[in-house]
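Shown here is one chain on its own, the form predicted alone, set out as structure tokens.
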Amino acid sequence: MPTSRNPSVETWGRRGPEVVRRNVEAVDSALANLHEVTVPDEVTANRRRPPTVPEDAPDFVQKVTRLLMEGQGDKLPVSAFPIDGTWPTGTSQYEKRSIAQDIPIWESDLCVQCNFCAMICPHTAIVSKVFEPEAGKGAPDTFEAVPETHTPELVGLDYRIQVAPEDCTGCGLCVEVCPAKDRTQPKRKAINMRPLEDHREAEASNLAFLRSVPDVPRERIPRDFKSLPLLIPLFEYSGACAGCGETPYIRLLTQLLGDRLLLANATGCTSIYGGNLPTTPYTVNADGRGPTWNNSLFEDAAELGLGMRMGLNKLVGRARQLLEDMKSNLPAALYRDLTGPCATLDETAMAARREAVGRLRDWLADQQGPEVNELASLADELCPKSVWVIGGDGWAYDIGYGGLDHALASGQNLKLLVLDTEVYSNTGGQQSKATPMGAVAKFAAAGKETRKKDLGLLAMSYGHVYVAQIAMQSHSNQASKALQEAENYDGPALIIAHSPCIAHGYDLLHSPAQQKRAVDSWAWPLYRFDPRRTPEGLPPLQLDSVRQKVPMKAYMQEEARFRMLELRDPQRYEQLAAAASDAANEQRELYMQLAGIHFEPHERLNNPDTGAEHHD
């Protein structure tokens, strides 16, 4: 007698009974609510759709971007596109998706001005901004600002948290990390989700006004992790997945470096949300300057970045040589201002250097000769720029590892940011060498049985590479320190960033807590390896997470990529979970030895913590 088949279990059963129940409920609900929709013979609506882009949008957006957004790109002639292959930035602000039913609304009476909401937002749909009180005059009636009271350097300025209502995806992460609660109403925070339609018009007006408010000079904003979100982001409104764990790192990088940032991008998620036509999330500041973004093939982003760095070095060298040749004729003060120390993160020095370059151009305008013309064309190279390579773990650990290794070995002043989702996210969820032991992925359907490749340890073995492993959502202070140390390091630097992803199989609303479990279980240790510490007699490796606070299984059981294996093969799951725990213990003991931390071999779960800061 044939056994009865349950198509629902066959289709969704590997993901657990709760997933089966929810899918069956969704199908039954859809069938129960089917009804006929009568289509009238004539159009009776008296409403019209708003224009795809506003009338005041730039000419290129009106003539090219708009048609692409409307699906009419085939009508564009070749002559409509830039002849050199460049593409305007700052265009994602015109692609209003309005996909969130509820959006975060700021309630200033509870706000403690921690800026965590702005730091964690994957789409820059929330920004925190300080500005001169005079600049707030003429604001809409619904526009509220309060005095900045939590940062001494900013006292006297006004402060506001602002949502971009039509760009928010409704992920709720901002509410999740908000620490300010109403004691009389515990569910009420300084940020609360409210219906979009109740606030859309007012918040859109408030956003437009805030964007018109002059920015406070960058040099006035402190560089501590709570103040960094006040720097104007030059990466906004990307099309990344709701709750994406990658994009906040990129936004923070643009806040730190502003318009002196040159990016070499590896094809993958970062290219889909970073430069996919018709719009681009990288944007410009009030002076019309912003990051330069370049994308190459999946496998050679590091080589592209290395070429950019070496080409830039050549241009800078030539500009300095021409400057030296003209030294006897240049005003002494001008020469001094153009050749003195100037670091990319030193806002005061950068502002002075740009002013000096302007004076140089004025001086060159009164001179003649081919060298004069050449120096005029290269004058901007006297302002330092930073070259960063960004991409995912599929690029860094796998397909592009040879190029990454070559770039690190070169000794060039090149920075590499690996947005590690531990899986090939963009191409469907295949395992990479970054996939942890026990995780289910394509080509690892029975759970990956080998350890995750230790990319950081391989880079450390060179001895001249700055290396850090960071987790921004749970330990933002350590992450911001690492990014700034990497930028200030005169040589190659590698940052490996924990990036929660929908491929991990849990609601990314809970990613800050789950990221903390990854750190506390040593599935994702935090550290900074700085070769500059060695001359000071200190070990170059500093562990920012020492103690194992939770068992490995407490981390693994919260993600479907591990739970799927437990449902299919409980015995194999137990074996791989135990092996993953042993691997974490061995890695921890090795790293503690390298960091010069003494320990007893039996100490696994009771070592003192370093007190690394985290949101919760």
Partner chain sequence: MTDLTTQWLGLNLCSPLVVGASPLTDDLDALKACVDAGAGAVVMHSLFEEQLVAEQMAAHRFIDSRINTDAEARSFFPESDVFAMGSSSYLKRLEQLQSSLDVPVIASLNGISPGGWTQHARELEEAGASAIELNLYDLATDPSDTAITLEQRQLKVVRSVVQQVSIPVSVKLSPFYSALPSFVAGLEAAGAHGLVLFNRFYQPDMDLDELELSREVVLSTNAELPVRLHAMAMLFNRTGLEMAASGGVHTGDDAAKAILSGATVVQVVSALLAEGPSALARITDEMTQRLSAMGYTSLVEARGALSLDNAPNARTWERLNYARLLQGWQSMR
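Predicted, not measured: the structure shown is a model, and the values here were computed from it. Residue numbers count along the first chain shown, from 1. We call the rigid core whatever largest set of C-alpha positions still superposes within 1.5 Å between the two forms.
Separately, the form predicted in complex with the partner chain exists; it is not shown, and the next lines address it.
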Could you spot which one of 336, 150, 289, 442 gets a heavy atom to within 4.5 Å of the partner chain in the predicted complex?
-> 442
Only one of 490, 325, 507, 219 has a non-hydrogen atom within 4.5 angstroms of the partner chain in the predicted complex; which is it?
-> 507
Are all three of 86, 313 and 387 close to the partner chain in the predicted complex, meaning a heavy atom of each within 4.5 Å?
-> no
Taking heavy atoms only, is residue 561 within 4.5 angstroms of the partner chain in the predicted complex?
-> yes
The partner chain contact at residue 426 in the predicted complex, heavy atom, 4.5 Å | yes
Does any heavy atom of residue 183 come within 4.5 Å of a heavy atom of the partner chain in the predicted complex?
-> yes
Does residue 568 reach the partner chain in the predicted complex if we count a contact as any heavy atom within 4.5 Å?
-> yes
Partner-proximal stretch of 357 to 365, 204 to 212, 175 to 183, 77 to 85 relative to the partner chain in the predicted complex, 4.5 angstroms, heavy atom = 175 to 183
With both forms fit on the core, is the shift of the CA atom of residue 26 between the shown form and the other one 2 Å or larger?
-> yes
Just checking, between the shown form and the other one and with the core aligned, does residue 593 shift 2 Å or more at the CA?
-> no
